[in-house]
Each structure stands twice: as structure tokens, then as C-alpha cells.
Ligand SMILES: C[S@@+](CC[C@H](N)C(=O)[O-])C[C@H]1O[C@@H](n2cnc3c(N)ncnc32)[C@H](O)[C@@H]1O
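Only one chain is shown below, in C-alpha cells, and it's the form predicted on its own.
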């Protein structure tokens, strides 16, 4: 009987200890306003120190590491056959996507830039030289669209609002249902960085979403808190007939 009592006491003590330890280690919930201010301040520091500049397999890539992880999740989950990228720069992101496609065993990239640059060579990457919204480029892009192909689009060229809005109108119909149209660098013009940039991607997103019911802003893709694309992960929820 004494042994049973000792065990019960020990069990109760251990249970109490676990409860106390859990309570002490539990972080307090940060109020919404304070939480957002903290995120924005770190975002500004991250941007100021150019922490979005690094290399992928030796090629310059200008992306937040958190966004690259998000891209990996999106590509694995939605399995696009084609990624259309407006804005090549040095080609680091195109190479990143190509390597992901290598792992999946499917997919190709069409990347467009107004400047003729020598990007990294990879059999899944197709380079187009010209303005993303020009008739010539759009016709070339359409030649990559095939029946049954799942298509994802990334807008990362000229970040002026008018250009981004033109791209949104030109490319949104190419996106497959369940796939994403991603507007890069909507953090500009004070959202929260580059406050004097002027109307840019965020303002283009807001105007586009006012008149388009085919997409929804997927805030779950901002779960890592730091993203260059706030409200920029647009998921196609239905296709127009």
C-alpha cells in the first residue's frame, strides 16, 4: 500500500512539473500590431543589408531565402509543367526552378528579359529576349503552352504599377486552375520597404483583384513572416469558360 502511495505521489509530482515547465516555456502571444511592427522592422533591416543577394550554384539570385522555400512547396504541391518567368536578371531563379524540376522529373521554364544576357545553361530553361507584354513575346510564350499543361507564372520584371498591371492582364489567363500567379516585390512603396518608390506591384495587385474573381490571395504562403511578395501569391481558383 505504501508503495502505491509513493508511486501516486511521484506521478503527481512529475505531472505537476511537466505542467509548470510547459507554462514557463510557453511564449506569450504578441499583440497583432506589435507583431507586425516587429516583422516590418526586421524586413527593413534585411532589405537594407541586401540579404536577398546570394548565389545559387554560383549564379546570382535575388530572392528571399524564405520565398525560395515557399516556391519549393508550391512547385512540389501543384506540379506545374511550365513556369513562365517575367524578369530573368542573371538567371539564378530560373536555374533554381530547373533544379527543382530535375528532382521532380518534369517541367520546363520560359524566362523573359528585355536585356540579352547569357544566363546559365540548362536543358529545362528557355530564354526569350524582349518586353514581357509585347505582341512578339506573348506569341512566343503561347507556343510553349500545350493542351493539358499546368502553367505557373511569376512576374518579376519592371516593378512600375502600370507594367505589372499589364503583365497581370496579359498572363493571368495562362495560369492553370490550382496553380499560382506570383507577383514579386510587392513589398516596395512602403510595404514596408522603398517607401518613395511610387505605385508598384502592391498597387497593381489591388487594382487587379478588384476586377478579377478567378484568383485569391493565398496568405498561407506568407507563413515564414518575411516575404518580398506580401499579398503577391495569387492562386487560381477557377477558370473562365
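Positions refer to the first chain, counted from 1. Keep in mind it's a predicted model, so treat the numbers as computed, not measured.
The protein also exists as the form predicted in complex with the ligand; that form is not presented, and the subsequent description refers to it.
Interface membership of residue 126, defined by any non-hydrogen atom within 4.5 Å of the ligand in the predicted complex, is ruled out. Using a 4.5 angstroms limit between non-hydrogen atoms, residue 158 touches the ligand in the predicted complex. For residue 39, no non-hydrogen atom is located within 4.5 Å of the ligand in the predicted complex, even though that partner is not displayed.
Contact annotation for residue 119: none of its heavy atoms lies within 4.5 Å of the ligand in the predicted complex.
Taking 114, 138, 103, 145 one by one, only a single residue has any non-hydrogen atom within 4.5 Å of the ligand in the predicted complex, and it is 114. Note on the partner interface in the predicted complex: the residue among 216, 177, 60, 207 having a heavy atom within 4.5 angstroms of the ligand is 60.
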